[in-house]
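As structure tokens, one chain now follows by itself in the form predicted alone.
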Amino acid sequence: MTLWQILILASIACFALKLTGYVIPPALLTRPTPARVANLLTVALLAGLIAVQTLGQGQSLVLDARVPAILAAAGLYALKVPFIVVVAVAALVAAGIRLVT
């Protein structure tokens, strides 16, 4: 398969997925179960992205200064601290650990 064929197939797949969103009746999406699944799926995908970006480097698992920074950020976020403070403290934790090691 050439690059152009892959690009055309990917474009068709994206268009079909977009078209599916218009074909699904709105009553189906307002039911409690699909709405709950959509909400939980968003959270799960974001958590997976954070885990991969924090713990992964290439094909290996890396435990460095990012792990305590994420834990500090999660703790502050659970305490309902403003987001900018959470980001600043996480950055300071990571910088402090990198300075020491």
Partner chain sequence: MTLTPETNGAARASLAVGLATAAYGISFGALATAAGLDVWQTCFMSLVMFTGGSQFALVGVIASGGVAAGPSAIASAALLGSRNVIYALRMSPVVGSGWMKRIAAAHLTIDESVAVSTAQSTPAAQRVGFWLTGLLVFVGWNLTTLVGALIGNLIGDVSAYGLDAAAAAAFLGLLWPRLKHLQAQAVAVVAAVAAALLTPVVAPGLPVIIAAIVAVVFGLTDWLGTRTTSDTEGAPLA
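Just so you know, these numbers come straight off a predicted model, no measurement behind them. Throughout, rigid core stands for the largest set of C-alpha atoms superposing within 1.5 Å between the two forms. Positions refer to the first chain, counted from 1.
In what follows, reference is made to the form predicted in complex with its partner chain, a form of this protein that is not presented.
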(message) in the predicted bound form, is there a heavy atom of its partner chain that lies within 4.5 Å of any heavy atom of residue 2, even though the partner is absent here?
(response) yes
(request) Determine whether any heavy atom of residue 100 comes within 4.5 Å of a heavy atom of its partner chain in the predicted bound form, and answer yes or no. (result) no
(request) Indicate whether residue 63 is a 4.5 Å heavy atom neighbour of its partner chain in the predicted bound form. (result) no
(request) Using a superposition on the rigid core, decide whether the Cα position of residue 38 changes by 2 angstroms or more between the shown form and the other one. (result) yes
(message) Is residue 80 displaced by at least 2 Å at its C-alpha between the shown form and the other one when the rigid core is overlaid?
(response) no
